[in-house]
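Below, in structure tokens: the form predicted on its own, a single chain.
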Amino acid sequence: METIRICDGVDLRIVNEPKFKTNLMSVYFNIPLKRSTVTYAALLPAVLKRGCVKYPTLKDISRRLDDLYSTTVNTGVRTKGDGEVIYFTAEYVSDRFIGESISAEVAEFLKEFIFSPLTVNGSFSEEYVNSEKVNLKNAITGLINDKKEYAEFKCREAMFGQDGFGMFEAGYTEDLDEITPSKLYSFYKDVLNSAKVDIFLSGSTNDKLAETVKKILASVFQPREGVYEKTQIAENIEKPVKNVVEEADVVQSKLCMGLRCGVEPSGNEYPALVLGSCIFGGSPFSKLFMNVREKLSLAYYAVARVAMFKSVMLISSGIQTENYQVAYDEIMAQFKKMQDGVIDEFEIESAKKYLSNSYNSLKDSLRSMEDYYLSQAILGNCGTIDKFIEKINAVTSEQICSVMKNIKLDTVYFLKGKRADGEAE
């Protein structure tokens, strides 16, 4: 990744990967993940996507994108630890495959799309805001329909409260009534003027193309003091474990356990944490899968993953309600094996191959590559995907044991359903 400074707080990042037939042009606004603004941030890109001055309706936008060889535009929010990014991306056919250059036109479209929204009397369209508030409300309330994601969110919320990583990125329904078109527009102007900005140009690129994009987008950005939000990692301190039980009218209960790892994502221990998590519960041959699910049939699924920025491990499983205690005990028994170094060479080598394939697969998607390099930029790293794979392959069993020993259980969240026989527990 090559970085070109446009002005203070605004960087153009070039990811040259000519194997793709499409290019990706993206603008990321990095802001703190705060309770007072999280719902505003979720609503804003949806409203902007409805129309701008030059293309005031979805039909007008669609027609223009069709003219640009069916370019696709996506918007949304994505959490990064205690921060979040509001993003706007345009994927379009690479110039070399169509015999003409449309990169400049795509950049002009993004410029118009982001910086010239449709307004009425100096504010967003009330019709568009009210319509998107309904859609966002449905998305927030719909979280309960995905019981696995819901349990993970409630576990994070129990760990950190309505602060940073503990929040739901789509926001909160109780905020929607207070959001007016003028308040949302004020939030929008603040984001434009103060957020740390990353502009990505990925795919078949060259110096001339980069300079063209820089020239077009540089005209709308002013210098700012914007910086990335620094995420406070979850320190692995000893404290009483929180136990949270919520009852639900479901047959399959969800058990989610949140653990504090205390590992800086840019530190030397992080590759060992990633590898250890994979061996424990991040692959089809992990200890959780092979024992909790396959051997003992205690769970429909049992997985573990690490939230990189926050240094939190989340263990998720779907179980029968009556199996709660025995499933919990077996999960902890397998975790104890990881801490005691009961890991054979086959598990380590299999996990290294699995992770190598997973990280290499990021190179098959421009979106995945952009997300990886954006995360690296936020962390202050410049390491490539290949370099991280090398670090993974250099991890020893002793390093895995060392990092796992320091992980502390923080919260046990249980979404409690009915017994398998249909009776309430």
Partner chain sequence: MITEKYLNAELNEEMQSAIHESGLRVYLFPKKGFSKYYAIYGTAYGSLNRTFTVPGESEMTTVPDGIAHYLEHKMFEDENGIDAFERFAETGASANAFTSFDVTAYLFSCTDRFYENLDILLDFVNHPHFTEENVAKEQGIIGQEIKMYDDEPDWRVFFNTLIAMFHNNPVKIDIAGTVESISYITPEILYKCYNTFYNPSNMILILVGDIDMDEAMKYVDKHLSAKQPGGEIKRYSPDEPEDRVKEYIEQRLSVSQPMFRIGFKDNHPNMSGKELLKKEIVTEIILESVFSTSSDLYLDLYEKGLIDSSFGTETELSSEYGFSLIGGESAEPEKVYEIIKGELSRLISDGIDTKAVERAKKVLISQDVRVFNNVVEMGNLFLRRLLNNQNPLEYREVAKSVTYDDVYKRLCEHFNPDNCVLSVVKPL
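Computed from a predicted structure; not experimentally measured. Residue numbers count along the first chain shown, from 1.
The protein also exists as the form predicted in complex with its partner chain; that form is not presented, and the subsequent description refers to it.
- Residue R293 is the only one of R156, K287, R293, R260 with a heavy atom lying within 4.5 Å of its partner chain in the model of the complex.
- Taking K337, R305, K214, K147 one by one, only a single residue has any non-hydrogen atom within 4.5 Å of its partner chain in the model of the complex, and it is K147.
- Only one of 374-382, 28-36, 48-56, 396-404 lies within 4.5 Å of its partner chain in the model of the complex by heavy atoms, and it is 48-56.
- Its partner chain is not drawn, but in the model of the complex it has a heavy atom within 4.5 Å of Y300.
- Interface membership of Y354, defined by any non-hydrogen atom within 4.5 Å of its partner chain in the model of the complex, is confirmed.
- Contact check for L118: no non-hydrogen atom falls within 4.5 Å of its partner chain in the model of the complex.
- Contact check for E84: every heavy atom lies farther than 4.5 Å from its partner chain in the model of the complex.
- Taking its partner chain as positioned in the model of the complex, the residues of 3-26 that bring a heavy atom within 4.5 Å of it are, in sequence order, K19, F20, K21, T22.
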